[in-house]
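Single chain ahead, by itself, as structure tokens, in the form predicted on its own.
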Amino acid sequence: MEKNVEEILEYIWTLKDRDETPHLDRVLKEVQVDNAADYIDGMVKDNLIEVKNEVVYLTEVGDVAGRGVVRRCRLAEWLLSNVFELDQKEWESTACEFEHILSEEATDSICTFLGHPPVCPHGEPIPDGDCCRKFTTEIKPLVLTVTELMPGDRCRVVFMTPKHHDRLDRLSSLGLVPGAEIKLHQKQPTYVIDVGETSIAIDYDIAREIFVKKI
């Protein structure tokens, strides 16, 4: 699929995902594509989008394609930002190129390698793929949960997915935040994590919601 078409699909899909209405004039004004109106006409003919009452709607085919572009982009951002540790300007621009060249197979392999991250560096949700639903373990994930560590392992917190917001607030107040360096002190009878000079005791349910990268 042509790069400019994918750019437009990505933009429309992102607006839809944020529950924002993709008005035609907004799409034409804000999408970073020359001659966008001509591409819009072609995308209607190719059954990727529909335009009704000056609003652009994704067809089933267009929705799948747009979702795929967004997934590739956000996974690339995560890889370049957190693994290669490029500065933001660099990983944003490079991710925009990656999203147009990664195959579905390569995308799932990267996702599995990273440990199926739920959000990109901007905090936007990463659409899941078949690998996420199956939670493939063919490639050893770079990102692990605390439950997968061994006592003595040192790592950096990458992200946390607590089910309860007050739990996140409590952990944050203790210094357990993304970027913090921690050491697993023990796993039994409860998990004990060292954060700086502070030791924090957490249960299994919390430990499996904290994702880390070994250092």
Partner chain sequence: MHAHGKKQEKKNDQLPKILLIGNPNVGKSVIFGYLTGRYVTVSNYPGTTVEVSRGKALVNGKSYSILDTPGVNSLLPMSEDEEVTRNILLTEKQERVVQVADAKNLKRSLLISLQLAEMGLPFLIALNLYDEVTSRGIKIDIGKLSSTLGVDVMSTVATRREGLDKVEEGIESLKQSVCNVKYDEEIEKGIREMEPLLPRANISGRSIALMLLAGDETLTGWLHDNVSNENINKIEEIRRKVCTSYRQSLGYVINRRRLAEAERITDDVYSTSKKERSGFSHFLGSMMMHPLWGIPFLLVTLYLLYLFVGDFGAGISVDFLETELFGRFINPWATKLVHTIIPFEILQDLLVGEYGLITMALSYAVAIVFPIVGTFFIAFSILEDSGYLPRLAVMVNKIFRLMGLNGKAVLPMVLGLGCDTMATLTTRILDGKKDRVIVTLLLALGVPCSAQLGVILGMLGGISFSAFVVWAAVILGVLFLVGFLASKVIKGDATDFIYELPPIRIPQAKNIFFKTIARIDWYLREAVPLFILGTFVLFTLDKLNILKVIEAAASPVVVTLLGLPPKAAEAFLIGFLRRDYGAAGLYALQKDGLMDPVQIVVSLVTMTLFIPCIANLFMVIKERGLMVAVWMTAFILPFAIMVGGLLNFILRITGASF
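Given the structure is predicted, the values throughout are model-derived calculations rather than measurements. In this text, the rigid core denotes the largest set of C-alpha atoms whose superposition between the two forms falls within 1.5 Å. Positions refer to the first chain, counted from 1.
Same protein, other form: the form predicted in complex with its partner chain, not shown, and the subject of what follows.
Under a 4.5 angstroms heavy atom criterion, identify the one residue in 169, 30, 50, 41 near its partner chain in the predicted complex.
The option sitting close enough to the partner is 169.
Tell me whether 116, 144 and 148, taken together, all sit within 4.5 Å of its partner chain in the predicted complex, counting heavy atoms only.
No: no residue has a heavy atom within 4.5 Å of the partner.
From the candidate stretches 52-60, 153-161, 33-41, 66-74, select the single one in contact with its partner chain in the predicted complex, where contact means a heavy atom within 4.5 Å.
Contact criterion met by 153-161 only.
So, in the predicted complex, is residue 203 in contact with its partner chain at a 4.5 angstroms heavy atom limit?
Contact with its partner chain, yes.
Quick check on residue 192: any heavy atom within 4.5 Å of its partner chain in the predicted complex?
Contact with its partner chain, yes.
Looking in the predicted complex, any heavy atom of residue 198 within 4.5 Å of its partner chain?
Contact check for residue 198: yes, within 4.5 Å of its partner chain in the predicted complex.
Would residue 26 show up as a contact with its partner chain in the predicted complex if we use heavy atoms at 4.5 Å?
No, residue 26 sits far enough from its partner chain in the predicted complex that none of its heavy atoms falls within 4.5 Å.
Can you name the residues of 172-191 that have a non-hydrogen atom within 4.5 angstroms of its partner chain in the predicted complex?
Heavy-atom contacts within 4.5 Å come from 172, 173, 174, 175, 177, 178, 183, 185, 186, 188, 189, 190.
Any chance the CA of residue 19 moves 2 angstroms or more between this form and the one not shown, core superposed?
Shift at residue 19: below 2 Å after core fit.
Inspect the rigid-core superposition and answer whether the C-alpha of residue 188 shifts by 2 angstroms or more between this form and the one not shown.
It does shift by 2 Å or more.
Residue 56 C-alpha relocation of at least 2 Å between this form and the one not shown, rigid core basis:
Shift of 2 Å or more: no.
Comparison of CA distance in the predicted complex with shown form for residue 83, residue 160, at least 3 Å:
Their C-alpha distance shrinks by at least 3 Å in the predicted complex.
With a change of at least 3 Å, which way does the C-alpha separation between residue 160 and residue 106 go in the predicted complex: closer or farther?
Note: Cα gap between residue 160 and residue 106 shrinks in the predicted complex.
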